[in-house]
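Just the one chain here, laid out as structure tokens, in the form predicted alone.
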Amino acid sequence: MAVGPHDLSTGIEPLIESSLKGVPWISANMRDPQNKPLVSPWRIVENENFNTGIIGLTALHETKDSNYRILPWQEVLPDIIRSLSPVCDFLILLSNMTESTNKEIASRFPHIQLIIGADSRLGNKVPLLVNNTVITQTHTRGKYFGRFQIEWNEIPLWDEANKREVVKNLLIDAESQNATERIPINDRYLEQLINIDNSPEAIPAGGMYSYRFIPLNNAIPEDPVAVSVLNDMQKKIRSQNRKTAAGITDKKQKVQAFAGSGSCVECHQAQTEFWKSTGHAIAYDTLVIKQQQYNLNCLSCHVTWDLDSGLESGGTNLLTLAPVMQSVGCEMCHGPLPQHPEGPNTPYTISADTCIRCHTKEMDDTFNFQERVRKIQCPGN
């Protein structure tokens, strides 16, 4: 398992302790103050004369812990890949980086055949081929099982003939998503299938793969021991984040580029008053009631900030937001107020994509864009 920022929420000690007990943590870029790896950078799995190298990569994130530091991937990956490529038939990177970073890594290192990501903003991600690297991931929170089956041969390339299977899976996923009226079916998938079927049959010349995202049954009873462990961990995370918030002397009054919903009232009084009556206005209060206001995973969708930037780039700042930002304000949907006077395209037009950044299928499986948007749609100017 690759170490991610959330695995370090309660400090480095629990992670090291679990590693000593046999938990197979890996991280190529997490180092101690003497620049030595705190856990194994990689592991090699041998199976019938076929060696698979698995590398872990931890996302850069803010930390006050002096017991470890996270190096940029550019400093560690080149040497590791040069070492593993000659002795491994297949390389997998378990990456906690953003999708854009994973694409950059794939474009630079064709010896990495598979990147399994952990970007919490993406959810289940259909495989994407970049250079000679397939990038994919399953959703966080353990609600899906990802099955990725590979047929590999001596040619260290992904096969072009595999495209039909990939596009077919994209279409199946699009239809599944459309069943909940989240994302419309993209007709170009059908066009691609027709074009592929009408083209000369390709001779397999490289690796092939198939994949599925399998939802796990919510009806399975919870294990009392596991629940107790999780509850204890949540308490430790809240305590650690509370201490982090108390230790930040430079309290954030506002997130850069955002002004707060109170600034909208001058021109949009009726709309601001309506917003106050919606659940968005009390989103942060619901966390306080449930004692989850120090849980960054929850907090990120209950305040006003740049959600698309990701927790890794400034999650601890959410702990010290001024009260004016402690709600899902106008700017979370319409865009930052300072950009509003710049042109007619701001504020942004609301679409389903705006909402499903937080109202994911895993967090809100009854979400229907057309129904919900009517409940929060502001009155006309």
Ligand code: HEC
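Please read these numbers as outputs of a predicted model, since none were measured by experiment. Under this definition, the rigid core comprises the largest set of C-alpha atoms superposing within 1.5 Å between the forms. When you see a residue number, it is the position in the sequence shown, counting from 1.
Unshown form predicted in complex with the ligand; subsequent notes refer to it.
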Looking at the partner-bound form in the predicted complex, is H61 within 4.5 Å of the ligand by any heavy atom? no
V303 near the ligand in the predicted complex, any heavy atom under 4.5 Å? yes
Does the ligand come within 4.5 Å of any heavy atom of T354 in the predicted complex? yes
Taking the ligand as it sits in the predicted complex, is G260 in contact with it (heavy atom to heavy atom, 4.5 Å or less)? yes
Considering non-hydrogen atoms and a 4.5 Å limit, which listed residue (S210, S85, Q240, T286) is close to the ligand in the predicted complex? T286
With the partner absent here, would R69, P72 and R108 each sit within 4.5 Å of the ligand in the predicted complex, counting heavy atoms only? no
Tell me the stretch among 214-222, 85-93, 266-274, 144-152 that has any heavy atom within 4.5 angstroms of the ligand in the predicted complex. 266-274
Using a 4.5 Å cut-off on heavy atoms, what residues in 274-307 are near the ligand in the predicted complex? W275, T278, G279, H280, I282, A283, T286, L287, K290, Q292, N295, N297, C298, S300, C301, H302, V303, L307
Relative to the superposed rigid core, does S327 relocate between this form and the one not shown - that is, does its Cα move 2 Å or more? yes
Shift of E17 between this form and the one not shown at or above 2 Å (CA, core fit): no
My question is whether T133 is one of the residues whose C-alpha shifts by 2 Å or more between this form and the one not shown, given a fit on the rigid core. no
